[in-house]
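There is one chain below, alone, in structure tokens, taken in the form predicted on its own.
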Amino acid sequence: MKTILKSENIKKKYGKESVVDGISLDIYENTFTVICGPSGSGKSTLLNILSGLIRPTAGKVWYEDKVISDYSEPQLADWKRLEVGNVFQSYMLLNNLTVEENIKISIAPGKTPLSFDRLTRMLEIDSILDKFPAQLSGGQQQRVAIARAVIKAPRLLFCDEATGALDEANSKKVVELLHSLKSAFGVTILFTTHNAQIAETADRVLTIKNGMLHKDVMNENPISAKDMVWG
């Protein structure tokens, strides 16, 4: 498998506290990787370092043959704009824009986006394009947020607790759709979660404890998102 993203002994400290403490790993292209661990384990900080949202205190992050952790702020902004999509637990939609406008605002000038019609059909939001966020359910808002993140054809999609605010039915739908996007468009997905069932659907599961990589397991028999069972 081809490595698309790599960390080398990355650390993140806030004051004297080490939140991420020396993690080295390779992320492979066109895979769905779940990062799990208890609250405070450092999984979201790790995700934010890998996605360029925060800088490591020490260590390096590579995107293919480029050390993005050494980028200047303008270089990093260009990389995130062109190569990265982010989906968060809070949907972060713009309330004064319609669904269509919320999605299209993410299109990067000079880069060919994914098919808007195909994407909105896949995410089952093609019938609500003229509505505003306040008129949508939580599941619909999260699907719009996903469309906004992937319309610009990112190679990497980072999802931080992306189903944390959703009920079981909508959580299953979102995970199923993310797997469909990976298959349809070749997106590499990293997904943080507390949910062991979501981890069962992944190609690979990274477990973080006390800021360190505790387990790294390739899932030989991932289950379908439809077969997830909530406890």
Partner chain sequence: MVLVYKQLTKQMIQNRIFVLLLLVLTMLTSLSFYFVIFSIDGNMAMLNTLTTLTENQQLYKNALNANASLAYTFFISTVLLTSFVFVMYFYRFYRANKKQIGCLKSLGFKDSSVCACFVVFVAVLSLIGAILGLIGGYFLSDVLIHANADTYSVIGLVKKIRLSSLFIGLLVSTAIFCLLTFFCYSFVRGKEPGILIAGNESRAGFSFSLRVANRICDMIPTKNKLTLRIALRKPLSIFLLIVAVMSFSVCMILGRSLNISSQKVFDSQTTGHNYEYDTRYSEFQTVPTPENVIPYLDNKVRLFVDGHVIEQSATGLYTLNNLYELQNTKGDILSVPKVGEVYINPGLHEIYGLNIGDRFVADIAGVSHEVTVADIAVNAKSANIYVNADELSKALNVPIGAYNGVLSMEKLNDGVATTKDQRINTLNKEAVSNNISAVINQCIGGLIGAILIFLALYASFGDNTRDMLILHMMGYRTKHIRKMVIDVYMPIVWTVFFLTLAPSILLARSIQKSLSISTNDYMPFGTSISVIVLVFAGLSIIYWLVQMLFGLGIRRIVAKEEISEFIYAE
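Note that the structure is a prediction, hence the values are computed from the model and not measured. Residue numbers count along the first chain shown, from 1.
The protein also exists as the form predicted together with its partner chain; that form is not presented, and the subsequent description refers to it.
A residue is said to contact a partner when one of its heavy atoms sits within 4.5 Å of a partner heavy atom; residue 98 meets this definition for its partner chain in the predicted bound form. Proximity of residue 171 to its partner chain in the predicted bound form falls outside the 4.5 Å heavy atom cutoff.
In the predicted bound form, its partner chain lies farther than 4.5 Å from every heavy atom of residue 41. Remark: residue 53 counts among the residues lining its partner chain in the predicted bound form, judged by a heavy atom distance of 4.5 Å or less. Using a 4.5 Å cut-off on any heavy atom, the residues of 124 to 140 that reach its partner chain in the predicted bound form are, in sequence order, 132, 134, 135, 136.
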